[in-house]
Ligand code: BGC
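Starting off, we have a lone chain in the form predicted on its own, written out as structure tokens.
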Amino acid sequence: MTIHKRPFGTTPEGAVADLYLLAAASDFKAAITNYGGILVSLWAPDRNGKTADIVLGFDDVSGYAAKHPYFGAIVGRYGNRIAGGQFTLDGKMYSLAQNDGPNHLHGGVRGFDKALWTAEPLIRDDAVGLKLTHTSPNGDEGYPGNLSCTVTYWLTNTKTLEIEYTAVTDAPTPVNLTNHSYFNLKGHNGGDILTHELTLFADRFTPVDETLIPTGELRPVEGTPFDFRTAAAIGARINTEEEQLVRGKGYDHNFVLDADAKGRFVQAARVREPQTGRVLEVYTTEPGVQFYCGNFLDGSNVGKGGAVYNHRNGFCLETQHFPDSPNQATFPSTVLRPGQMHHTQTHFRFLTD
């Protein structure tokens, strides 16, 4: 197991970003930059032992510093949407950027995906890792309190990518951290992901209004195109003229997991790519997972090796608390208070069949 560092380019502010190359085995490697805590590349084998980079991204920091759809990034303080760019906490209203139509998305104009994190290489008996730390100051993007965050990536010799998130604050604030990697198990340049076979271990999802804000309902998936309790191709029902699919231009919805009362891992998803035999299993301590299938990719992003990322060329499984939780009293709370620790974990396990 090895970890090496090399320059990854210069940010618009003139800082040098680094790229860390992690190898847990000859056929399981990752590249992570301290700019945005971004997972730049992830190499995993197919059923014949051939490796491919299976996450969408860019060749250097300039692509990530420009506008892009959060490829591989740590998003925060609040992953996903907050209605109207505002919330009330302890009787005080806070205003945030409206950077997604009328709503706030993924932490604002300069969220955690645009921060230069402090990086520390790690190693343990079965894994090589990278510890990333960042402090978001009081008032950052409109959020209250100084928030100190740590995100630790581990790449294990059993072909698992582990991500652990912790945060503490000196004033009450909402926190919802996640990773926004786009996967394509055929390879990052493998075309559309519609034949990938998806299982979601969720009986309910949170339907959304016209601006993709949850209505507050926890709707059963049974009898709907959102029922992935039995494996189905992502594209099998995606073009159904169903209200929720029309609103999201496909799948862009939070699925409700049966979270463990003691905070232990539950399986959120399984994805199988039949051509290569690659399989991804997702386990998390979070109560939800946002399934998004690249509906807004349009070919305007030219990625690694000149790959053009077109419509539905990648899918995301963003483990999380529910969207708009600061404005939805019936959803699990995302409020972090002084003296508490925000702590969640997600594991992406890679197999072949």
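From 1 onward, residues are counted along the sequence shown. All values derive from a computational prediction rather than experimental measurement.
There is also a form predicted together with the ligand; it is not shown, and the following applies to it.
- A residue is said to contact a partner when one of its heavy atoms sits within 4.5 Å of a partner heavy atom; R272 fails this definition for the ligand in the model of the complex, lying far away.
- Put simply, P287 is far from the ligand in the model of the complex: not one heavy atom of it is within 4.5 Å.
- At a distance threshold of 4.5 angstroms between non-hydrogen atoms, F183 is out of contact with the ligand in the model of the complex.
- Taking the partner from the other structure, the ligand in the model of the complex has a heavy atom within 4.5 Å of a heavy atom of H106.
- Shown alone, this chain has one stretch from 24-32, 64-72, 303-311, 40-48 that lies within 4.5 Å of the ligand in the model of the complex by heavy atoms: 64-72.
- Though the ligand is absent from this view, in the model of the complex it lies within 4.5 Å of a heavy atom of just one residue from D140, D252, D113, D192, which is D252.
- None of L245, L132, L212, A127 but one reaches within 4.5 angstroms of the ligand in the model of the complex through a heavy atom, and that residue is L212.
- If you check the ligand in the model of the complex, you find a heavy atom from every one of R81, Y292 and F296 within 4.5 Å.
- Residues from 310-338 that approach the ligand in the model of the complex with a non-hydrogen atom within 4.5 Å are limited to E318.
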